Each structure stands twice: as C-alpha cells, then as structure tokens.
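This text opens with one protein chain seen in two forms, each one given by itself as structure tokens under the names structure 1 and structure 2.
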Structure 1
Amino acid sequence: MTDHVFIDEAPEAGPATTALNTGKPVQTAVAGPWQLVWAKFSRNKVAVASGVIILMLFLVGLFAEFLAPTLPDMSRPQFTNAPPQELRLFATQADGSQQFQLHVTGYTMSVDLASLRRSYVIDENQVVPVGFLVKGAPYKLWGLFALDTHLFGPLNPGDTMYLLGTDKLGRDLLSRLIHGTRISMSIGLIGVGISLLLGVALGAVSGFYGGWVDMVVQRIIEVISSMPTIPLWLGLAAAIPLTWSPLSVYFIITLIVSLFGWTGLAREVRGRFFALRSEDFVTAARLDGSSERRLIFRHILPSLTSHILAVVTLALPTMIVAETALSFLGIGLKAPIVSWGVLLQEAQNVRTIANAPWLLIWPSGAVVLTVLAYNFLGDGLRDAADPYES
C-alpha cells in the first residue's frame, strides 16, 4: 500500500510572502523637466516677485490708454510744474466729522512778481472726488476701439488730479509714465528678440561647423565689436530723415540697438558648441543617423537653456537702458513718442531738478525697478533651468 504524503501549500507568513493588495492601483510620482523647473523657480520668492512685477509692467503697457487718467499730450499751461497731489481716503464734512471719500485737494497758485516764479499751495477747501471706471478723455484702445472710460480719475473730467505732478507744459506725469511703459518695455523685448535670433543662429553655426564659416563669423563679430558705440549711434540717428513718422523712427532705433547686442551671445554660444559637439551624447546621436539640424536644435541647444535664459534676462534691461540713454541724449526717440528716456529729457538741467524733482524721480525710478526685476528674474530662471543641480 502506497503512503500518501500531503503537503501544506499555504504561504508562509512574513513580509516575503505577503500577498499584494491589487484592489488599489499603484501610483508612481513622476515629474517632468518643466515641473522640476517650476518647482525650483517657485521656491525663489525674490524671482517670483520680480516675475510678477515684470508681468504687471507689460500689462500696464498693453492697457495704457485705459489705465492712464488722461491723455499723455493733454496740457494745461496754468498748472506748469505743479507738484503731486496727495490721494486721501477721508474728507472732512461741514460738521467736522470724517467721511470716507476718495479725493485729492486742489491747488492755489501764486506768482512771485520779482522772480516770476510760480508757487502752489494746497487748498483744503477744494475737494476733487476721485472714482474708478470714470468717464474721461476719449481714446482708441490699441487704435481699434473708441472708448472714454478710464480705470480711475476725477469724477468730473474738468477737475485736476496730478498724483505724480506735471511737466513744464502742464501735462500729467502719471499718464505719460504709463504710456511710456509701453514703448520702453516693448523696445527691449523686440530688440532682445532680434539679438537672440542673430546671436544663437550665428554662434551655433560658427561653433558647430568651424573652419572658414567660423572664421567669417568671428571676423564680422570683431569688426562690429571694435566700432565705438556712441559715435556710431549719433551717426545713425542723424541719418534718420526728419520726415519719417514717429513709428518708423521707433523701429529704426530698435534695430540700431539690437544690431550691437548679439555679438557677446554669439561668442558664448560658439564656445559652448565647440565644447559640446565632441561629447558622447552628440557622437551617439550622430552615429544613430541624426541630421545636423537635429543635432543642433534637438541635442546641443537644449543643453544651453540655462545660459541663454541668463543672457536674455540680462540683455533685456540693457536694451531698456540703451534706449533710455539714447533718448536722454536726444539721439533716440523724440516727441510726440512717449518713453522713459523721453521723459528724462526734461530733467537735464539743475533748475528743473531743483523746482520739479518728480520729473527725475519717477521716470528714473521706473527704469531702476525694471532693471532690478529683470536681474532677479534672470537669476531665478538660470538656477531653475538646472533642476537636477543641487
């Protein structure tokens, strides 16, 4: 008789034989490159705040007509170089009580007969109510939509509200500063776009192919870099015909500024291409049959993302400062175009700075704020573009 042996096939208890819980799907946390970049960038609070400031400046330039209390060229000669008016929240009533009312106080102007100098005194009895979405001077938003609604301003369009003061023609400085934001911010964006295109394209071609191509490109860069910038700007600005429209002059100045800003980026991109074109991943892609175009745009250029971001964010304020300097010297943009550099033209003498310091403080403050914001944003983007670097 054969003996039967029975084997207990029940699994042993323990972590090695514990059955998997198949009722819930297993989720794996996977973060893509852009998610890593955003996660690292969002931890840099200064860079995030700078990005918000830059975004707000572009929005101000985009909706300048709506945001400005009045038109930039609307003048009132009786309020020449008038000081800023204080925006107040509470108004004193007849019985002496305080009531919430957004307002500014009016001016009382007097003239010194000996020096013929105007002086303004705040008149507490002149209360100018201020509101939001008020009717004002008609304008065309983006040159397309005829509107007369402004974000804020005096409830009576005939009243005065100069929160940042006026210039020598009695024009509202706040409205001119808002309209100047559009020109100054866009000229930097367009100029850097042209410089980025030229610098990356010529630098990549020079570094990737080498040989006579590299020699020609480098000689062109050396010739452009050896030219004295200020005399060349003076000559090119003097060559612009006086009959050209302000818009044409704007684009020519943008082109002039951008033509001298791409040489540094081109040399840096060339050097990086020289170093990367012999790397193992480029050799592997070449042996895999990748075309030269794919090698450049798919394999090498993405490796330069952090460097290009840093260069671009540093070049943007450089373009803005260049336009401001040209316009300040009188060889850039001119009236009736309104930019921060054009506004600073009125603060070229000591008398204006002494009598109306707001004409220097606010336009120069806008330039300083924009340059600092771009620099902090560039630092944050440069660090975030290398999310795997500790």
Structure 2
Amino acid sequence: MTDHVFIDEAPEAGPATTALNTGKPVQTAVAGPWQLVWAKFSRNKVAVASGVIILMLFLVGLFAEFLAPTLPDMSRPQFTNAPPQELRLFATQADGSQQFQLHVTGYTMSVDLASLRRSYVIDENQVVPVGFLVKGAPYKLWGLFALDTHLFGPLNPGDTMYLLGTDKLGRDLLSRLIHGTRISMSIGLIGVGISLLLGVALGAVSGFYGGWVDMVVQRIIEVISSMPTIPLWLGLAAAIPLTWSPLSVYFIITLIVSLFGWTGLAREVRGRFFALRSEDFVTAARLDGSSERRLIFRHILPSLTSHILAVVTLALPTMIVAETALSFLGIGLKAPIVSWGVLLQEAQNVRTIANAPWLLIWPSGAVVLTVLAYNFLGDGLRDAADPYES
C-alpha cells in the first residue's frame, strides 16, 4: 500500500542555501574574464605574496646603482674575504651610556703567517656610523644621470660597510648581489620574451593548421626537448669566442637559454589550440563567417592568454637557473658583468666555501627565493587561468 502524499505548497524557485560569510562576492554577471581571473588569483595569498616579491626584485634590479651601498667592482685588497658586519641600533658612548646610533661594527684583522690566511674578528669598540641617503661612490643611473647618493651606506665614504661580507678581491657582496639582480632578472625576462615569440607562433601554427606543418614542428620540438639541456647549453655556450664583448655574451647567452625554453610553451599552446579548435564556439564563429585571422585573434587567443601567462611565469625560473649554471661553470657570463651565477663562480670548492660561507649562501639564497616565488606565482596564475571551470 502506498499513500499518496504531497507537500501543499507552491514549487520553490531555487535550491535552498545558507550563505557563508566569505567577504565581498564578485559581481560575476558583468565581470569580464580578467576580473574573474584576478578574483580567483587573489584568493591565493601565497601567490600574491610571491608576486610582490618578484615585483620587488625587479625594482631592486631597476634601481641597482642607487640601492647598492657602493660600486660592484670597488675592491679593497685589505678586506679580502671579510665576514659580514653586523648592523646595530645603539652605540655605547664615551660616558658608557647607550644612545641610538645606527652603525656597523668594525673589524680587527690578523694574518696567520703559517697559512698566510687573514682572519677577521668583530671589534665591538669600533663603531662605523651608517645612515640613509648618504653620499658615496659616484655612478650613472641607467647610464644617464650622474649621481652619488646611495640609499644606505656609511656616513663617512672612507669607512667600510660590508653587510654581507666581501669576496676574495675585497668587493662588497651586497652591492654585487644587487647589481647581479639586474642581470639575472632581466636575462630571464628577455629569454622568456624570445621563447614566447617562438613558442606561441610555432605552437599556434602547429595547433591551428595541423597536418604536415604540425608534423614538422612536432619533430623539431621532440628533438630539442629530448636533448639533455645542460650539455647542450654547455656545447653552445662554449662556442662563444673569448674575444666577444661582455654585452654580446650577455645577449648570446640569453638567446641560447631561450632557444631551448620555447618547446614547453609551444607544446602548451599547441595543445590548447587543438582543444579550442574543435570547441563549439569556435565552429560557431567559423560559421558566422569569421576569417582564420579573426578566429585566431578574436576567439582563440583570448582564451589562451591567461594560460600563456601562467606557463611563461613557470618558464622564467628555468631561464634564470640556466644562466646561473652556465656562469657558475665559467662558460656563461663573465666579469665585469655581475650576475648571481658569476657570484657563485667564486664559491667553486669546499675550501673557499668553508672559509667564506657567505659567498655561497647569499647568491644561492637569491636564486632559490626567485625560483620559489616564480613557481608559486605561476601556480597561482595557472589555477586562476580558467575562471569558468566548475
């Protein structure tokens, strides 16, 4: 026996829900795709923080001359492999009282006659006053403006302030690191630009036309991506004549690094093109009479840009690491150009590192931080790239 039962109410208009308090909702009905991508991206706090770090690194690179306390190649032979000086806020005055005085402590140096090695001891009594916006070594900002103001440095230009220590020629590691930021960050950016051009163009052509064009491009990609990268980079970089100017070397290294980075991008773009080409909305646009140009630029590429951005972000650290590795092995960038890899070249063997660990720690810290930040940023972008899924 089954009873005939019913709810004596008008049908409801929608599902029953209880709103959760999760902040301001996005007006999705009229929000454009980029607004949605941003809304999704900004929920990922780690990615946003990484984005800020990347931005700051670029600013450091941009204003390297101003931010560095001194010039990167200013060497003082009396301070070779000197350990970092500590930054302190209060200094003991003559009367024994503590008073606010931004300063670093000085060194006393002794030479071990047996091993002919210098050792430095922090001398608490030696006070080197430091401050902001001090006059120091003159430089030309971006090669244009002759200035001599540095953000931070010793008040007396003759004093030393080695916050991160010095290298074997007595050069300030901090200043070199800041100048290295410019080279390392820019090499990634330019390299990825070239990769992007190659990857998007070939990937799009390959994915859109298919057929034999696709076949040829695919073979090329397969050949390049199945070669182990480092030996290949080595092979190409070693062919750079020693006589070339540092600037030419810089550009050719960028080119080498990017030449092998485009394959991943091309694959991604091709795959997405393939998928999108058979999407209904593309067929619809085709039937609307759109030309192939219009199909690509108006209908397919806009759906790709956010994905491309994500892939590019994830490709950038590879380029930076590549440059670092090549320079570290001595066949990449060379002095007087300063990059993180060039800095690491000075930390070649255990003995050096044991003697001056800061030569390893700071440059590799910069590399790892950058790579991490790019990875987190790229991951966040990739997750946010398609705001319409689910």
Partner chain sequence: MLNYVIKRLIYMIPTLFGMSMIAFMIIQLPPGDYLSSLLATMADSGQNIDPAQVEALRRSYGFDDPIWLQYWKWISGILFRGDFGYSFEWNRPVADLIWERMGSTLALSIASLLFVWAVSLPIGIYSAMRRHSVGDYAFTFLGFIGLAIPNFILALTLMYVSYKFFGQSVGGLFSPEYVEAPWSVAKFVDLLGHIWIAVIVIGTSGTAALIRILRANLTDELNKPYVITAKAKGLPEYRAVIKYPVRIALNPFVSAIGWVLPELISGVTITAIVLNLPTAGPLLLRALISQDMYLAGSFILLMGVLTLVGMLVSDILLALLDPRIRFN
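Not measured: the values here are computed from a predicted model. Here the rigid core means the biggest group of C-alpha atoms that line up within 1.5 Å when the two forms are laid on top of each other. Quick note, the numbers are simply positions in structure 1, starting from 1.
Eyeball the pair and call it: which is the form predicted together with the partner chain?
If we ask which form is the one predicted together with the partner chain, the answer is structure 2.
Superposing on the rigid core, do we see a C-alpha displacement of 2 Å or more at Thr318 between structures 1 and 2?
No, the C-alpha moves less than 2 Å.
Leu304 C-alpha moves between structures 1 and 2 by 2 Å or more, core aligned:
It does, since the Leu304 C-alpha is displaced 2 Å or more between structures 1 and 2 after the core fit.
Taking the rigid core as the superposition reference, indicate whether the CA of Val223 shifts 2 angstroms or more between structures 1 and 2.
True for Val223: a C-alpha shift of 2 Å or more.
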